[in-house]
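One chain comes next, on its own, written as structure tokens: the form predicted on its own.
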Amino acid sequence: MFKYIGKRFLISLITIWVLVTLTFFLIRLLPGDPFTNPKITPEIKANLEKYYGFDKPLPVQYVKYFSNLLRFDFGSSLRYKGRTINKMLAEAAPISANLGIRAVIFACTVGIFLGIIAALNKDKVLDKLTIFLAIVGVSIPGFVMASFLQYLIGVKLGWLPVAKWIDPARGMGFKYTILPTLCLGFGTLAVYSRYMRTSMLEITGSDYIKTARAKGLSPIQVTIKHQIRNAMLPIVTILGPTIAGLLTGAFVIENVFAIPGLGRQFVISINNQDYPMILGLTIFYGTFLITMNFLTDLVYGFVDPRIRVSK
């Protein structure tokens, strides 16, 4: 088991290094630069490049940035003067995580439940309804769903706020999280319900299911102790990337609902070619995603011991 963990950990470290290196050099290929502004004279531009170290060769900049990164120093933003990337991440990450946790809970619980119901009612009304919801969830882009719900529920019916973000811990802040949570989690809900339904149907005719029924176990016992437990393996596989994606921010959803999270900051940094901010957000998101994949591999190894011994 330790060999399995060590191998996965080493692969994760190499992946993070590749991510940092590629991101650092690729963003420099973007047209223009952070100081492309008619109001900035060549002299001022030269001074700014010297101040931020952009006048040095790229390999030198890369070594310096990587050495700072090893000390968990992401540098300072070019757009927001005097503000460090670390501080901005500390402010935006909890907001994205707050929304993401709500979306994960909503998507996982409802998606898995619908998948189970659909599998137990194969080719019946509930099954067809679940398949329809899965198709809708996968097919409709998040910004279309968000705009539709904003217009219908927020404008026409007036039940919920159209946009804005207020800390849910502050009184009526919870109602501002409902629409973003639905829009962010609906696509994942559709994927989970489809995976769970397919997995449940695949193991229905398995030998251990037939054996359990032959022993006289009730349908509820067979479903809970045997079918659901084994059908969860594909869900575990996609759980890590799903949690990472939802917790670290949804670019479109956060912009549509004016949520000051990681996704919105990422879009702003790209528009302004804020190199340190782009790097910081990409590395933060990528590292979190790789970490969740690593933890998923470990959980998968415990759930299914065959994974640990397979070559």
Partner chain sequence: MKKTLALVLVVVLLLSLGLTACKKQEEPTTGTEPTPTEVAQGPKVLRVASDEPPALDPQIGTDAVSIRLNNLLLEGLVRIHDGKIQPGMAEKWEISEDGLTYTFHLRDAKWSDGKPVTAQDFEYSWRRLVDPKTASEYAFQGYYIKNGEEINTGAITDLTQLGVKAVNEKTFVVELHTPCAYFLSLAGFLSFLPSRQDKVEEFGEAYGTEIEKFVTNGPFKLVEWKHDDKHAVEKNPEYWNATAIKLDRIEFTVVVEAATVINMYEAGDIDMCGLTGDFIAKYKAEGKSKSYTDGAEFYLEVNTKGKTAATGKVLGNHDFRLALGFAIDRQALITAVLKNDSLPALRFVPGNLMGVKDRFTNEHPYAFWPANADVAKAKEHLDKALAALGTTVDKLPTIELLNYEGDSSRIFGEALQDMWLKNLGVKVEMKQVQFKEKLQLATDKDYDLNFAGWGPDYDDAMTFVDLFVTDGGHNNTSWGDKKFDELILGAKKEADQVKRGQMMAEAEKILVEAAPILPIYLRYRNYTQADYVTGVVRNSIGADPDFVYADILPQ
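In this text, all values refer to a predicted model and were calculated from it rather than measured experimentally. Residue numbers count along the first chain shown, from 1. Just so we're on the same page, rigid core means the largest C-alpha set that superposes within 1.5 Å between forms.
This next part talks about the form predicted in complex with the partner chain, which is not shown.
The closest non-hydrogen atom of Tyr151 lies within 4.5 Å of the partner chain in the predicted bound form. When the partner chain is considered in the predicted bound form, Arg71 lies well away from it, no heavy atom lying within 4.5 Å. Contact annotation: His226 falls outside 4.5 Å of the partner chain in the predicted bound form, judged by heavy atom distances. When contacts are judged by a 4.5 Å heavy atom cut-off, Ala90 does not count as touching the partner chain in the predicted bound form. Using a 4.5 angstroms heavy atom cutoff to the partner chain in the predicted bound form, none of Trp17, Val144 and Leu182 count as contacting. Screening Ser76, Asn230, Asn121, Thr198 for any heavy atom within 4.5 Å of the partner chain in the predicted bound form leaves a single hit, Ser76. In terms of contact with the partner chain in the predicted bound form, the residue from Lys215, Lys128, Arg83, Lys175 that brings a heavy atom within 4.5 Å is Arg83. Core-aligned CA deviation for Ser12 between this form and the one not shown: 2 Å or greater.
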